[in-house]
Every structure is written in C-alpha cells, then in structure tokens.
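Read the single chain below, which is given as structure tokens and is the form predicted alone.
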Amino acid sequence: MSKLQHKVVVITGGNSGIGFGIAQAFKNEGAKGVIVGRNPETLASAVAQLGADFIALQADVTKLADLERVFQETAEKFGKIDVLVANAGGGAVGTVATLGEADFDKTIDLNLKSVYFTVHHALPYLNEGASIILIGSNAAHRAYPNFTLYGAAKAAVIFLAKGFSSDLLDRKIRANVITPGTTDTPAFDKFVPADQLDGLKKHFAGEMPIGRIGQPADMGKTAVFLASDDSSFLLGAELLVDGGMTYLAK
C-alpha cells in the first residue's frame, strides 16, 4: 500500500481519536511526518505506534508561535510538506443561554481561528500541489442540543475549504473538508461516566442510518483519498462521512 509513499504530512490533534486514525492510515500508505498535540503522554504513545517515520511535536494550535515552530521543525526534519490535516478541535458544550464570552472565545479559537492560522503559517512550507484537509462536523448541518457554538464554528471551517482552494489556485494547492458524524473517540470519556459509555454508544448506533457509529479508521480512509492523487480533481469539497445522519436520519 503506497498511495502516499514519501509524502510528508502534518496532522494537528494527531495523538488521539480521528487525528490518530488519520495518522495510522497515512502510515499504512507510506507517508512520513509529524503529529501535533498538547498531551505529552498520548503523543508518546501515538508516535511509538506509528514508528520511526513519524515524530511528535508538543504544541498548542491556538498559539501562533507554537504553530510557526511546528512547521519550522517539520521542514528541518523532513523538508517541505505535501499534506496538512487541521484536525485539532473541541470546546464548550452548552446553549446560548449558558455559554458566555469565555466559552465563546475558547471554542472559536480552537475550532476556527486555529484552523485558519494553521493553514496561514503552513503556507511557506507547503509544496506546490499540496493537499489541505480540514475536519468539519455534521453539527454544522444538524442543530444538536448544546452544540450551537461548536456547530457554528465547524460551519465556518466547511466554508474555509472553499475559500482556501480559491486563494491557492495559483499554487495548485487543494483544500477539502471531511465532515464526521458521531465517532468513537476518547472525547466520549470527557462527557460521560465510564459505566454509561457502552449504553450511550449503542444509543447513537441505533440513531445512525448505517447502524453503527463511526470509527477513526473511517476518517483515515477518507483522508488518504483526499491526500492522494486519486482526488486530484476535487477541491473546495465537503465529504460527509457521518453514516447517513445528515441526509437520511429522521
């Protein structure tokens, strides 16, 4: 398997969940590069599984100096970058009645501002014809309870794929976005007691038209397509990888 042989990749939030699933898929297709995250323990565990062709860089994507350092160190180690995955995200859960300015700033900084500046700071280090992959959410399309702010940020990210592609036509750099639905990641652990996890996942699976929740590997396979020459005619596009939730769920 060598669709990404010798390609240099950078994946923010690549130490767990969807980001790590993408990193594993890239590794299996011959890529090398960098995973970025804040947690040193999960970074160490993830890079140990990825092997010698990957390194881990601890950084906070909401800090512009950290972003610049990531791309400088990547270039020093691997040269110019072929694939950039702006995956890091998260933020506050609540309604317009409960989330205040601090929650707003934190959520927008992590899910929108960091995506814009990840790409902005990467540009001098990207090869001509590079692929930029953004990560959206079907919360941008469906008004899930308590996800108003997060969904709004992800809706803006979906637009950025179009805007970035237009901005970068002269460099033949393509930007596209993967929009996951409910996916089996460690994020569940942050919001749900351990003894309720299995029940919650079964509930979500029952809501999904496809009959199961997503796996990081599902996003990884899609990211390989967007990173490879197989998608060379695709730019500014959104791929809904959500088990049919957006268009088919009742």
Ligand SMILES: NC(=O)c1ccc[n+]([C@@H]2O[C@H](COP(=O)([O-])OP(=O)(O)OC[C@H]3O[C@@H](n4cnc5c(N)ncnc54)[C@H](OP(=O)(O)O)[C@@H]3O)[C@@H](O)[C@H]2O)c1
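In case it trips you up, residue 1 is the first one in the sequence shown, and so on. Treat the numbers as computed from the prediction; the structure is a model and nothing was measured.
Below, we turn to the form predicted in complex with the named molecule, even though it does not appear here.
S.K.: Which of 149-157, 166-174, 119-127, 70-78 has heavy atoms within 4.5 Å of the named molecule in the predicted complex?
M.R.: Looking at the other structure, the answer is 149-157.
S.K.: Determine whether any heavy atom of Asn28 comes within 4.5 Å of a heavy atom of the named molecule in the predicted complex, and answer yes or no.
M.R.: Flag for Asn28 set to no.
S.K.: Contact between Ile18 and the named molecule in the predicted complex at 4.5 Å, heavy atoms?
M.R.: Close contact exists here: in the predicted complex, Ile18 approaches the named molecule to within 4.5 Å, heavy atoms only.
S.K.: Is Leu112 close enough to the named molecule in the predicted complex to count, meaning some heavy atom within 4.5 Å?
M.R.: Residue-level check for Leu112: no, no contact with the named molecule.
S.K.: Going by a heavy atom distance of 4.5 Å, is Leu200 a contact of the named molecule in the predicted complex?
M.R.: Output for Leu200 is no: heavy atoms all beyond 4.5 Å of the named molecule.
S.K.: Does the named molecule come within 4.5 Å of a heavy atom in each of Ser131, Gly220 and Ser228 in the predicted complex?
M.R.: Not a single listed residue reaches the named molecule in the predicted complex, so no.
S.K.: In sequence order, which positions of 75-110 have a non-hydrogen atom within 4.5 Å of the named molecule in the predicted complex?
M.R.: Going through 75-110 in order - heavy atoms within 4.5 Å of the named molecule in the predicted complex - the hits are Asn87, Ala88, Gly89, Gly90, Leu110.
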